[in-house]
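Here's a solo chain for you in structure tokens, the form predicted on its own.
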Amino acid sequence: MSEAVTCDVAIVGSGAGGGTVAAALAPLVGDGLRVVVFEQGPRLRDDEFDGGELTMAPVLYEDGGGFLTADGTMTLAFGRVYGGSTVVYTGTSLVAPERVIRGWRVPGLLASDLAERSAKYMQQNNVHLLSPEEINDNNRLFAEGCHAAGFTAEQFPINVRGCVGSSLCNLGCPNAAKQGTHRVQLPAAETQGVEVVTRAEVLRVDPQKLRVRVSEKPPGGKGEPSTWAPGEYDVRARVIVAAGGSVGTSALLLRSGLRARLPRLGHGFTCHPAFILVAEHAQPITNWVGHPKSFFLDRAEEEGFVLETCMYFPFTTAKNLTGLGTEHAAMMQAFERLQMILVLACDRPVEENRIEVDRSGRPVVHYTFTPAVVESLAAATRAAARIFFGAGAVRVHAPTADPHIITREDTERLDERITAEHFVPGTTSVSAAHLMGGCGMGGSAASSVCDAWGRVHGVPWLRVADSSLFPDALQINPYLTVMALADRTAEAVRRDLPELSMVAAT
């Protein structure tokens, strides 16, 4: 037996998309409307962010951060908590490149409009550049290595307030410094009367109706209990905004039977496949303190890759190093001397790469590494190796080389040592956190799922406000663009609401 609930706007997801829509629509509550956000994960208290890999990953990420593609060759990381993936990213805040938005060719979508909306959220979330004294060795060496190798590193604007350099961004900031939607947009929305229901999984959508299952807090688990009693609910709403992320929103619409009218649903998936490169220096460097991601090298347009500074925790680093045994152990024992770079390939949509659901409605992501992606990963590794050695590293661990360890004596042979043929799916550890596509924008239901305002073609009561809207890879970190697109979705909801009355219940 399910309980019936009625509201005006139901929002599925509380991350960059859902949190933005919630805040943008919050003034409607003052007009007497009811706005409810449903978040599958829990709401954590500040004192529950303890920075532990084993304690935080299971509560912050879908499948504890171990969600695998269908063939098991890539790990996909996405948040499942109050604030979504804005809780677990590093706060890097970049405006969408004009050339990319122009290349999307979405009717009615202009890069200048996204830039203007992005600027609003950069101000709300205190986006700024760190001062030189806040840059640790790991980041400083990247900039110096880029200069030595003939590249120009750019500094990431980041959205922190009072950062003390714990370097634990990917496990949820333990110092409440990162300004995700859990710190800015959601609290502002709740202050104005928006309801946020956590531990609430949306099972399916039907015309102006959601089936929602609220779970009980597990014994000893982190997070607050849901404000709704455990059980199933039928939630009726004039408008439903799906903002569960690329995988979550696509899977929700697929298991709700919308593929029949939207043939492109689940297609167009891209994710910036990535892996970690490490290099050993002769002396210890500051790597595990300080903000982990301050610089990047954008070679997307020229060579199809982006390099970013990074610092991952021992378990994650160990998992990402190719090889086993003595060589692997020696690299891990040098942890305090390791410099790290994240390699990201700018993939493009292909038919093989798509989101489906299994018989139980769980998402299944099919992904094949195209030759272009593999070549980009190899080219990125060669560039990273030159940066490492330019910064003074004595040896580099390169998964697209055989053997994997490259020393300074090899610097003249990097093109020969690091090649695409050494990339072996399933052996080279690859992960992705920039999940995009599945409900791409476009001009018609034959070629896309949504229009430029997040309106699902032919389904006036259903909107989308997350990275599933991207018709192609963004080629930079996506969260700020998600917020800008969500702002457009919210604007369209406000504009269309007077015409969207509730149909009679069936």
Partner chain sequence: MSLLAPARRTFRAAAEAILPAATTLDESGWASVERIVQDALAQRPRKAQRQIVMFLRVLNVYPVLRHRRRFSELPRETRERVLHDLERARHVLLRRGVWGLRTLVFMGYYTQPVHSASIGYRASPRGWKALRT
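Everything numeric here is computed off the predicted structure, so don't read it as measured data. Positions refer to the first chain, counted from 1.
Keep in mind that the form predicted in complex with its partner chain is not shown, yet the notes after this line are about it.
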| query | finding |
| --- | --- |
| Residue 289 within 4.5 Å of its partner chain in the model of the complex, heavy atoms | yes |
| Contact label in the model of the complex: residue 228 to its partner chain, heavy atom within 4.5 Å | no |
| Contact test in the model of the complex: residue 54 vs its partner chain, heavy atoms, 4.5 Å | yes |
| Its partner chain contact at residue 111 in the model of the complex, heavy atom, 4.5 Å | no |
| Segment that reaches its partner chain in the model of the complex - one of 180-188, 206-214, 329-337, 94-102, heavy atoms within 4.5 Å | 329-337 |
| Partner-contacting position among 122, 164, 394, 115 - heavy atom within 4.5 Å of its partner chain in the model of the complex | 164 |
| Listed residue (27, 443, 66, 460) with a non-hydrogen atom within 4.5 angstroms of its partner chain in the model of the complex | 66 |
